[in-house]
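Before any questions on how it binds or moves, here is one chain, the form predicted on its own, in structure tokens.
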């Protein structure tokens, strides 16, 4: 994190800045520790600040083929009020897009938000999807023999055509699924916004993405099945695992984890 014009800050606010930096650094360290559970060469028993130093060093290590997994494992995009996902452990698999349906009676903000996030998040997901299902054809194989060519792309060694897609090291832990968009809205309002934008309509009606809604009035979930058809999500609600903290839940695990509810008052059983 870089802070600009700190020298211009009034002395009365310096203590506030110090507190802010401390909180931000702690958040960075906790996020880094959560990422390191995917890295085989980091001991999760080390502190969160050791994890932060580890991810910073590997990000600039020229010999590190896996500096960061980026958007690897992405599977969901939740468009709604952040209270909708508050307290949930989503295993870094979800894009969280803030949108308040109660302040958007004409759906103008929804159209603007979806016009950006569906092509971007959907495109990211498809890039990882195809690079995973056939890495040699749609991805670019292992990055170890790659050379940067003309600042345009990479090729294998000094010969061959430019490679497309993502390298093997980027997608080796990815699960190839079409991204699920969960939007806080109603079926009629959402599909009207989607069909008014040709690009969004192409993504949705061609099933490049999956689409569902959370009704803002009662929290019911409906799934879009195409051609204007919606299906209620029915059945018993599966109880979520509960953990006292994210670290307690992911500690010692490297595979994908299901959604969990974080409750600081809960003590995990041994």
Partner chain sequence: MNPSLLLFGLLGLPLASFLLWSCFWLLGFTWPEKIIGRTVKVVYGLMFLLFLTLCLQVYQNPQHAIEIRVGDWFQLNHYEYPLAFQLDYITMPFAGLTILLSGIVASFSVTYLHRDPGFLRFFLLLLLFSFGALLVFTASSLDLLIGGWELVGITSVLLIAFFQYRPEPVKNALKVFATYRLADLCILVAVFLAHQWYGSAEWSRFREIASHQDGHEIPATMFSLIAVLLVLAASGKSSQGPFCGWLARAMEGPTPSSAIFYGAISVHAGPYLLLRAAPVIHQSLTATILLFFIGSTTAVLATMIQRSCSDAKTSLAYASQTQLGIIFCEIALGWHTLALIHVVGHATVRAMQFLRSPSMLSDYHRQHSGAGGVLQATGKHYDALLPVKWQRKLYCFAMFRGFHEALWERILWRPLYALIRLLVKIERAPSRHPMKPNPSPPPSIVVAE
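Just so it is clear, the model here is predicted, and its values are computed rather than measured. Numbering follows the first chain given and starts at 1.
Heads up, the form predicted in complex with the partner chain isn't pictured, but that's what we're talking about next.
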(message) Taking the partner chain as it sits in the model of the complex, is residue 28 near enough to touch it, meaning that at least one heavy atom pair lies within 4.5 angstroms?
(response) no
(request) Indicate whether the partner chain has at least one heavy atom within 4.5 Å of a heavy atom of residue 65 in the model of the complex. (result) yes
(request) Please run the contact check for residue 123 against the partner chain in the model of the complex: heavy atoms, 4.5 angstroms, yes or no? (result) no
(message) If we define contact as a non-hydrogen atom of the residue within 4.5 angstroms of the partner, is residue 193 a contact of the partner chain in the model of the complex?
(response) no
(request) Using heavy atoms only and a 4.5 Å cut-off, determine which of 143, 81, 92, 189 is in contact with the partner chain in the model of the complex. (result) 143
(request) With the partner chain left out here, work out from 94-102, 147-155, 194-202, 109-117 which stretch has heavy atoms within 4.5 Å of it in the model of the complex. (result) 147-155
(request) Quick one: name the residues from 33-62 with any non-hydrogen atom within 4.5 angstroms of the partner chain in the model of the complex. (result) 40, 41, 61, 62
